[in-house]
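Before any questions on binding or motion, here is one chain by itself as structure tokens, the form predicted on its own.
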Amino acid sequence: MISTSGEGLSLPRVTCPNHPEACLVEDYRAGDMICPECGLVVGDRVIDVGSEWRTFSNEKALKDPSRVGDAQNPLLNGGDLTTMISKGTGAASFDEFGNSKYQNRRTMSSSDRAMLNAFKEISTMADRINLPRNIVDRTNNLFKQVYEQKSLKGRANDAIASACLYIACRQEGVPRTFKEICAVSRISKKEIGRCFKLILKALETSVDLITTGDFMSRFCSNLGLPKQVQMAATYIARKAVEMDLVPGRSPISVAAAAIYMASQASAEKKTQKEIGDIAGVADVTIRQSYRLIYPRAAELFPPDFKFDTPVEKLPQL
């Protein structure tokens, strides 16, 4: 017996007419639904949704008997639901001339193949710099939009994928530098920058401006600096921008100079080269930004900062 419970539209529920509150027992071998109170067969020929074969862990290397394919990919044109016929092994699979009787009438299109290769490249790059799944999904969607518009014809798919990854990171609020993206791809920084501008124009989208705070926690963490130094560096960089001490300077170079100043005033001192290797900027760039903020150093530190080296004894580069 099928009954509905609750108000409004709800899914039908199979119940025993004599014991509607009883939890039915399913006989998987016979395909029956049985009431445990009175033994009445309430439903028969129930479809078993379990696997057809048992698969054991030590049989992974053998032929997989399951008849399901990969998960559906909505980013591909065919939804990745195409059927591929494997190569036959028995005598019945070949005709008298040795040709295969059963062949694939439809193979994956060139556009789907190109997108699939790009998705693999995006996933590989994201794994190398520990990016989460939501950024990979956004990058894949951006690449699909650009590829279908055909607005960047002549550009390498790897370059477009790298630029899409850079845009996705900024849109998700976890920006990476061009050098970080360049380090995990085979594309030059200049080419990624060109594709970045072309994609923003083609998709008519925008990204938020990067600030010094976007990189501070990651740079300080990679340098092994304590929380107090990170907070001081963040405060120094923000005050320097507010006081207009670093006009025209990249937020990355300002952040590196602020970290250098904060570390030199603390017990955890770091060299320009150590900071430059993590931030991806040259030593001379850090020095130039440091010279701009050094004259006002006393005004830049937070009031509760515990100095290991006084301001007047900070390095004069």
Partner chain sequence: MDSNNDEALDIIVTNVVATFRTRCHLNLRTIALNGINVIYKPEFGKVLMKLRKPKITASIWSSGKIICTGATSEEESKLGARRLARCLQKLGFKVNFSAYKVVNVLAVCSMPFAIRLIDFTKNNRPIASYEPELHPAATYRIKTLKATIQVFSTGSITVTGPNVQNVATAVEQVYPLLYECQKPLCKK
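These numbers come from a predicted model, not from an experiment. Numbering follows the first chain given and starts at 1.
The form predicted in complex with its partner chain exists for this protein as well; it is not shown, and the discussion that follows is about that form.
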### Task
Report the residue, out of A156, A114, A92, L209, that has at least one non-hydrogen atom within 4.5 angstroms of its partner chain in the predicted complex.
L209
### Task
Identify which of R238, K144, R218, R170 has a heavy atom within 4.5 Å of its partner chain in the predicted complex; exactly one of them does.
R170
### Query
Which among 261-269, 282-290, 248-256, 27-35 is in contact with its partner chain in the predicted complex, heavy atoms within 4.5 angstroms?
248-256
### Message
Although the partner isn't part of this model, could you tell me whether T177 comes within 4.5 Å of its partner chain in the predicted complex, counting any heavy atom of the residue?
### Response
yes
### Query
Applying a 4.5 Å heavy atom distance criterion, does K306 contact its partner chain in the predicted complex?
no
### Message
Can you tell me if I129 lies within 4.5 angstroms of its partner chain in the predicted complex, counting non-hydrogen atoms only?
### Response
no
### Task
Answer for M243 alone: is it within 4.5 Å of its partner chain in the predicted complex, judged on heavy atom distances?
yes
### Query
Does anything in 139-154 come within 4.5 Å of its partner chain in the predicted complex by heavy atoms, and if so which residues, in order?
none
